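What follows is a single chain, given as structure tokens, in the form predicted on its own.
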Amino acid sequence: MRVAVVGGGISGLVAAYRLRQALGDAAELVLVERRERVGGILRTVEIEGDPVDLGAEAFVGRRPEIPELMGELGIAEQLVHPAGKRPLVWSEGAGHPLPERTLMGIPAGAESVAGLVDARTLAAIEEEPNRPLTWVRGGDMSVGELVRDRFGEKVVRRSVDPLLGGVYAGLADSIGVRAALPTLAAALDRGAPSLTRAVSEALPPPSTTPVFGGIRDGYGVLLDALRAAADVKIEIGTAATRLTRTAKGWHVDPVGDVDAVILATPAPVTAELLREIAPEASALAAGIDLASSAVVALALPADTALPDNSGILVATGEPLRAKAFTLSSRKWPHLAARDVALVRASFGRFGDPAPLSWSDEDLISAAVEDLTTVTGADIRPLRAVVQRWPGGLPQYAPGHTTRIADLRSATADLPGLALAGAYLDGVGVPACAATGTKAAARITDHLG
């Protein structure tokens, strides 16, 4: 029995691990990855003698996938949680506390964004429950369109955009309500008479469970553990170029004949591989846009006067080049114990890939200058590392959930083929891992 996994990100590695669990030692598992390393947009490097993540550095702690996976792999002691400090929002040349009682920055009431927006906007929020709301049950629209109509432009640019930028490297106008905020869409479908009421209904109940989790020595620990447990043959620097049906299964160039295949690839790559065998599915995958970004990790002297916040999000329209800063040594207690202060600056949003073309020197200079602006501190890096993520994050545009349902329907009758990846059910690490598990289960069921 031979199974190919195309794509060596977290989705593909989890899929390979689950296949090994289900199929046993006799199965031949082959994973091909076009890059020169596995991990996808997860990457851990050493900075000043210690590991630092240059891609995702946290996961939603209220989802079970990653803690459970860490327990299975024997690395549960690596689980860490943030210090509980809140970020600032940089708007109008000043830092403001991140609004509370919001759903991805959408306020449940005017008091949530007091101080961040002007009096006219606060009055519009207060009045919003008295205005008729138009929402098509089961429909969709961009987050920006909905919030702008109900609460005004300043809420979009100063509260919603900064948070969506951190998740999707997108803007409120490029992200759909139903995919990004399913609980909000559900409240509106149930007939919530206003956006204020819908947000209040959609907010998660109070919980003592940490919102986020992380891995003490970086995601590289999880990737290494998955790779070892999967016992999979990995061919890096190898792109799958064509997928065709055979009498008994599939042929993957350059892997050869296999009994089954999992495509754990970005949407455009998936689209190309499906082009011959499932043209409708290919067209659906091809319609998913990607956003690019870049990260600059800075190691600063430990006594650098950084604010006592987890990060600084930048409102849309501010005269800064960075879109956000993670004050890692403030956010994570285990990083605070190191000999340097760590900061990550993020650049790039959907529709603005320009920062990827800047030189390392220009990106580092922009990070230092913008960090100086938002903190007022004397920023003198001991070391700086640049990581570019071209096409790293899919955009969950309006209608995305329907697109994915149609994509799954269009591939449902292809036995021995399964899909996984960040474009399906969420861009976070837990959601990606879940698609890998689901894909492996589909293949296991097919193989009997």
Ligand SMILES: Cc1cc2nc3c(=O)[nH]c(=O)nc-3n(C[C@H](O)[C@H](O)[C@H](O)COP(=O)(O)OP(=O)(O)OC[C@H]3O[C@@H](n4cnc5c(N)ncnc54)[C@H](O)[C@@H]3O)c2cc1C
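The structure presented is a predicted model; accordingly, all values stated were derived computationally and were not measured. Counting begins at 1, following the sequence as shown.
Keep in mind that the form predicted in complex with the ligand is missing from the display, and what follows is about it.
Requested in this report: Answer yes if any heavy atom of A4 is within 4.5 Å of a heavy atom of the ligand in the predicted complex; otherwise answer no.
Outcome: Judged by the heavy-atom cut-off of 4.5 Å, A4 is well away from the ligand in the predicted complex.
Query - Heavy atom of A239 within 4.5 Å of the ligand in the predicted complex - result: Taking the distances in the predicted complex, the answer for A239 is yes, it comes within 4.5 Å of the ligand.
**Report entry** 4.5 Å heavy atom contact, V160 and the ligand in the predicted complex
**Finding:** Close contact is absent here: in the predicted complex, V160 is far from the ligand, nothing within 4.5 Å, heavy atoms only.
**Report entry** Contact label in the predicted complex: A285 to the ligand, heavy atom within 4.5 Å
**Finding:** Contact with the ligand, no.
Query - Of G105, P266, P87, G348, the one that lies within 4.5 Å of the ligand in the predicted complex (heavy atoms) - result: So the residue touching the ligand in the predicted complex, by this definition, is P266.
Query raised in the report: 138-146, 175-183, 266-274, 298-306: which one contacts the ligand in the predicted complex at 4.5 Å, heavy atom to heavy atom?
Result: Only one stretch passes the 4.5 Å heavy-atom test: 266-274.
Requested in this report: Between 409-426 and the ligand in the predicted complex, list the residues on our side with a heavy atom within 4.5 Å.
Outcome: Contacting residues: G421, A422.
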